[in-house]
Structure formats: C-alpha cells, structure tokens
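For reference, the chain that follows is the form predicted alone, supplied as structure tokens.
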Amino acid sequence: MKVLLVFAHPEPRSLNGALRDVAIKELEAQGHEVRMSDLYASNWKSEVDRADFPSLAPDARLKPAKASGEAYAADALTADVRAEHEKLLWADALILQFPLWWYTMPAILKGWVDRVYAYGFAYGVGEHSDQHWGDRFGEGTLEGKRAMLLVTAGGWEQHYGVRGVNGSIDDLLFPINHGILYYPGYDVLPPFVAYRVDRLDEAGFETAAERLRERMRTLETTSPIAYRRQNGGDYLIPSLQLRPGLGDPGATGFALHLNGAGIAR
C-alpha cells in the first residue's frame, strides 16, 4: 500500500515523534511505501484567507467555498495545497497523527483540512437530486481508500470511557472520523489511541509501540467503522434524516449512524 501520514506535533523529539517513527518503520517493514506531511516542520499555513486564491479579483468579496471551487476548477490553488492533493490521490491509506488538545485536533491540522479539502475535491462533488444528495458520507473523491487516526491523550483510558468525565473517545473523535474522513469517501478504521502519555515510562512506551506495530501490520485488513452510507437507503432525501425504525432501540446521537453490521456500507 501507499500510505500518507500527516503529522501534527510541534516537537519531533516528543512521544508523538517516537510513535510516528515506530509506525513508519513498521509500515516500511511490511513493504508499504510511506510519505509524510510534517505540518509544523513545513510551517503549514493554517488560516483560509485571500492568499489562498491568487486569481480572486482584489475588489471581489471573499466567499471561501465559491473561491475554493473556482480555484480548484482552474487548477489555481496554491502550490502547497496542490501538493497535498497529489499525495492524497497517490495514497491508498491516510493516517492523521496528533495529540488530543482541548478535545480535538491541533489548530494546524484543522487548518490543513480547511485548506486542502477544497470545493470540488473533497466536497461539492456528485449529483444532487431527489435520490442522491451529492457524493459524500461513504462516496466521493477518496472512496475506496482507507484512513485512521493515531492519537495521544494525557488522560486515563477510563476518563474517555462511556461513563468517563471527558465523554466517550468514540464520540469525541466522531466529528473527525465521520465528518472529515468518511465524508469524502474514506473507509475509516478504528482509531489508535495512546492514553496517559505524559506519564509513560520505558515499559509503558514499548507496550504502546507494540500495539501500534500490530495496527500497522493490519492496516490492510482491519474492518472499518460501520458508518451508514448517506445514499445507501438509510437516510431520507433531501432531509437526510435516518429512516424510522432504523437504529438500535434507545440509541441516540452519534450511535444512530452506525449500522451495526460490523463494516461500513
């Protein structure tokens, strides 16, 4: 497989940096080809602004989605964004690696999504009709590829359990897994999460590293999260409401968007 790892930590000597090296070494040992986008090392520009659209008239009002679509269609996006598009189209699998800061990804990685997920590339694609509401949530430009999160957290695993004070890790990561990865078509694998990372000793690190090696060894075979496909019949169009009767009795919130079959469909 061809694997793109997008790395979002400011310190290369961090535990994140060590886990990144473990992941890349194991992927390469398995015969995979790996590329990396190191956002801090490359001084990635996070904010969307007029500089992203060089062809936009100076007196034109900036409407980011419209400007993004026009620039993408004209192949006029900035060179850094076009380079990331090339990597995403090249890769069979995407890994987003980051520390969990304030319950989400660091701003630099969100800025990578904001700028790289251009209109016409990651969204705004496909037919809109009474039967099909765009190519998204299981369909899209990146359909058929795999993606997963590699996340570190300072808190205990119990803190991120279903009764933990931080909320379930699956719920916290749902906007990224479902809203950023599944939206443009990726098959989203369960995340790899390392907990209590600020207190890991050498033995604890090696335990986490071996878990990560096993995930990298099974990158091609791990079953994806069982998200429902938007245009697969489970949602009413155009309201995009789940059809009555679907979902486990009593299920609410994010859990409603799992089909319970074990794999995405």
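Remember, it's a predicted structure, so these values are computed and weren't measured experimentally. From 1 onward, residues are counted along the sequence shown.
Beyond what is shown, the protein has a form predicted together with ligand FAD; the following relates to that form.
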Q. Wondering, does residue 61 line up within 4.5 Å of ligand FAD in the predicted bound form on heavy atoms?
A. no
Q | Contact label in the predicted bound form: residue 205 to ligand FAD, heavy atom within 4.5 Å | A | yes
Q) Heavy atom to heavy atom, is residue 152 within 4.5 Å of ligand FAD in the predicted bound form? A) yes
**Q.** Contact flag, residue 241 vs ligand FAD in the predicted bound form, heavy atom cut 4.5 Å
**A.** no
Q: Tell me, please, which stretch of 119-127, 80-88, 141-149, 93-101 lies within 4.5 angstroms of ligand FAD in the predicted bound form when heavy atoms are compared?
A: 93-101
Q | Of 219, 197, 39, 34, the one that lies within 4.5 Å of ligand FAD in the predicted bound form (heavy atoms) | A | 197
Q: Would you confirm whether the three residues 9, 160 and 201 all fall within 4.5 Å of ligand FAD in the predicted bound form, going by non-hydrogen atoms?
A: yes
Q. Heavy atom within 4.5 Å of ligand FAD in the predicted bound form: which residues of 1-35 qualify?
A. 9, 13, 14, 15, 16, 18
